[in-house]
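Quick heads-up: the structure tokens below are two forms of one chain, split into structure 1 and structure 2.
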Structure 1
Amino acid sequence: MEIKQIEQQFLDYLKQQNAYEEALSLMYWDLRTKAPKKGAEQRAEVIGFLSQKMHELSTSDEMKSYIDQLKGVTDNAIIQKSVEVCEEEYEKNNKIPNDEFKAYKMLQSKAESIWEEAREQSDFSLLQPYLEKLVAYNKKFATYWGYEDHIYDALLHQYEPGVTTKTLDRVFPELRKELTALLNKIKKSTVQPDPSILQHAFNKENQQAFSLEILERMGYDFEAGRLDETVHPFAISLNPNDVRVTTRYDEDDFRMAVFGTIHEGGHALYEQNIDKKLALTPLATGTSMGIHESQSLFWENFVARNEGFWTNHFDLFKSYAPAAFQHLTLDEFYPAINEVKPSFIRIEADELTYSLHIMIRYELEKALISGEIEVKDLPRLWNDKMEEYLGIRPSSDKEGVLQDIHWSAGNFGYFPSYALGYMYAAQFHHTLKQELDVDQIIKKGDFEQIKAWLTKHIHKYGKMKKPLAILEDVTHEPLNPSYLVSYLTDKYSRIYNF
């Protein structure tokens, strides 16, 4: 058979995988937005069935045949990279028995529903038995996959290829030291923003209208997406022409929805602007969760928390805001939305303390996977670390260990991506500023140049490039946390006058 025929058969096979994946993504979107609770059991069965089918396709003899026939032979770069990705998935998934994989996917689905109930009741004991099973599965899978230095590396690799615990254990303490020093300067400053000026009722409908308008100005394509409400905000790509965004509204604090929507919009722009030539292949997605987070945090922090953004959008904001906001000046508003204050909830955290939240989670889940701590100890250890790192202690499981969905979804190894993404974003931002007058562009409110730059250097490649390769190709150096420290120091020394 000619190589072109094999290539076409391989692409047709990938379409089958893609069909199951899109169906699963739609179910997960539904599960996290509007799905009735009573349907959880049956829904878990269906998710388990579809996941098993995907697992079978990725580990079949037919897939192995395509890998063997095309690896290093085809001159089609997209097919060659797809073969590489499929081979890695084949090797990884083939090490997990099919029945274990299905059982794990069903457990994930059930645990997510239980997490919502546990969070609502602020009762960790409801989730604990499910979490214990999820941890056991992840430890088992990590052993199946293998690792060199630390068992956690096997899980970290699933989200951030090329990054290891050695990297994190070098970078995180260095970053923590710098952030803590900045935090201490801010606490001692005699200049303090007044966040009380933001604490006025702001109805959900108007928050939504403002958020929709900002998404549109960012370049989000509403003919290829939509905005919905959820408990824990996320963006999800069903396909390049259906990339959905969700948010959470708090009528007593508009920042939750506005900045959360912009954050998820950054994720969505990444997925919407992947090269269409990669569609229906495993390359038509972000290269890693860290690079994905770099895009959401770039828009949320480096764009939407920039003073120029509000110079341009303050009047628009006031057009949707209630009367209590109308007397505010930009000089009052801008410092208030950038207040630095340790908070219990990660997704509400300010720019400076955000990474400390991630370090807490990283240390806990790494210890869980290595067997140093047990699931039952999580609430106490979580509270202890919050007190040590941020100087505050949660009063309930809801504002402590139950605030994030990730562990109930089995996503161990995911959390470091958030802090890595923030460092990547700062490095990209530094490079972009060498080429464009970023502050002036943001002040004008015309984001097309920024979106085009991100698409050219990051978005379009999808999974064609590894995360650290993208970072070095764009910035011409490896991961360097100093850019994040410099950005935060410059910004907050001006706001807090130190």
Structure 2
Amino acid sequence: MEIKQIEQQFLDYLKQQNAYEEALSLMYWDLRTKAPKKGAEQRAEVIGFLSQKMHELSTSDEMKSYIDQLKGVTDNAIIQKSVEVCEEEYEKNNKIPNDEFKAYKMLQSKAESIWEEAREQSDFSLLQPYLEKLVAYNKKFATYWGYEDHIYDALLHQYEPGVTTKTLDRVFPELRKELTALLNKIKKSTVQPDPSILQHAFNKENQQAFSLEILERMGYDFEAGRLDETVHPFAISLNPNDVRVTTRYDEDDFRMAVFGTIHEGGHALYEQNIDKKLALTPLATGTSMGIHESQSLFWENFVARNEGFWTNHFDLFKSYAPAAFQHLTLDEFYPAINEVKPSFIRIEADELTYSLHIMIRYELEKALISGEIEVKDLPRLWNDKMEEYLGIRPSSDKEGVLQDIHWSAGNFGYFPSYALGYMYAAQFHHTLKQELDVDQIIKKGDFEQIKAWLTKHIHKYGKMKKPLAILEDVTHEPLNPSYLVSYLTDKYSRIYNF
């Protein structure tokens, strides 16, 4: 058969995968936003069936034959890269025996619901037996998949290909040292922001209107997306022209919705601005969890927690805010939204302490997978590390080891992406500053320039480039945590006057 014919068949095959993916994404979106609760049970069966179909397509003999026929042969770069991505997926999935894959999927979904109950009751012992099985499976899978230095690398690879424990063990200690030093300076400062000035009733409709206006200004395309309300905010791409965002409204704290929407908007801008030539291939999505997070954090923190952003948008904010906010000055407001304070819950952490939360999780999960520690010791070890890194000790499992869903979903190796995202974002930000007067641009609200730069250097590539290739192509150096440190030092030395 002609190579062009095989290419066409391969592309048609990818379209099938894509169809299942879009159906599944819509089902997840619907379950989290709109679906009536009684329908969820049957919906779970439907999701199970369609996921199975997806899995079959990615591990089929037909897929294998496309890989064998096209790999290194096609001169079409998109097809070549698609073949590589499919081959990785094929190898990864085919290395796990079918019965283990099914049992693992069932365990995952069971463990997730047990986690909800355990968290509710703040009782780790409920989850422990499930977590033990999940860890055992992940060790097994890591062995199937293989690794060079450390067993945990095989898991890390799923979320951040190219990054290894070696990288993390180089950057995290350095970052921790600097963050701790900064944190000490902040603690000792006589200048302390007062975040209580932000905690006034602010009705949902107005928070929504303000959030929508900011999303619009960021360049989010509402003809290719929409904003809805959920308990846990997320962004999801159904297809390149349908990328949806959700947020959560807390009428006593507008920060939840406003910064949450901007964060998810950053994820969405990434997905909306991938080159449309990649549509209907596995390349039409963000290249990794870490690069994705770098985009959401870039908008949430480097843009929307920047002083210039509020110089520009403070009047707009006040036009939606209730009376209690009208007397506030920018000099009170800006420090208040940037308060640094060690806290128990990761997703509520400030820009500085956030990465410390991640390091705790990284160290614990690495030790779990390598067998140095046991699941039953997690609550104690978690609390010990919190005390060591952040100087506070959780008084319950709920505000400690049970706060995140990741482990009960079997996602070991995922957490480092969050801290990598911070470091990537800072490194991108540093490069962007060399090229453009970012602070001035943010102050002017000319986000089109920022969006264009991110699209040109990051978004458009989708999965055409691996995460570290993007980082190095844009910034001309390997991962370097010092940019995050200098960004935070610069920012907080002004706010806390040290």
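Here, a residue number simply tells you its place in the sequence of structure 1, counted from 1. Worth saying up front: this structure is predicted, and the values here are computed from it rather than measured. Whichever C-alpha set is largest while still superposing within 1.5 Å between the two forms counts as the rigid core.
Student: Looking at the two shown chains, say which is the form predicted together with another copy of the chain.
Tutor: The chain shown as structure 2 is the form predicted together with another copy of the chain.
Student: If we fit on the core, is the Cα of Pro36 displaced 2 Å or more between structures 1 and 2?
Tutor: Yes; Pro36 is a residue whose C-alpha shifts (by 2 Å or more) between structures 1 and 2 when the cores are overlaid.
Student: Given a core-based superposition, decide whether the C-alpha of Ala321 shifts by 2 Å or more between structures 1 and 2.
Tutor: The answer is no; the displacement is under 2 Å.
Student: Under a superposition restricted to the rigid core, does Glu271 display a Cα displacement of 2 angstroms or more between structures 1 and 2?
Tutor: No, the C-alpha position differs by under 2 Å between structures 1 and 2.
Student: Once you lay the two forms on top of each other by their rigid core, how far has the C-alpha of Gln108 moved between structures 1 and 2, in Å?
Tutor: The alpha-carbon displacement, core-superposed, is 4.3 Å.
Student: Having superposed the rigid core, state how many Å the Cα of Tyr362 shifts between structures 1 and 2.
Tutor: Shift of Tyr362 at C-alpha, rigid core superposed: 2.3 Å.
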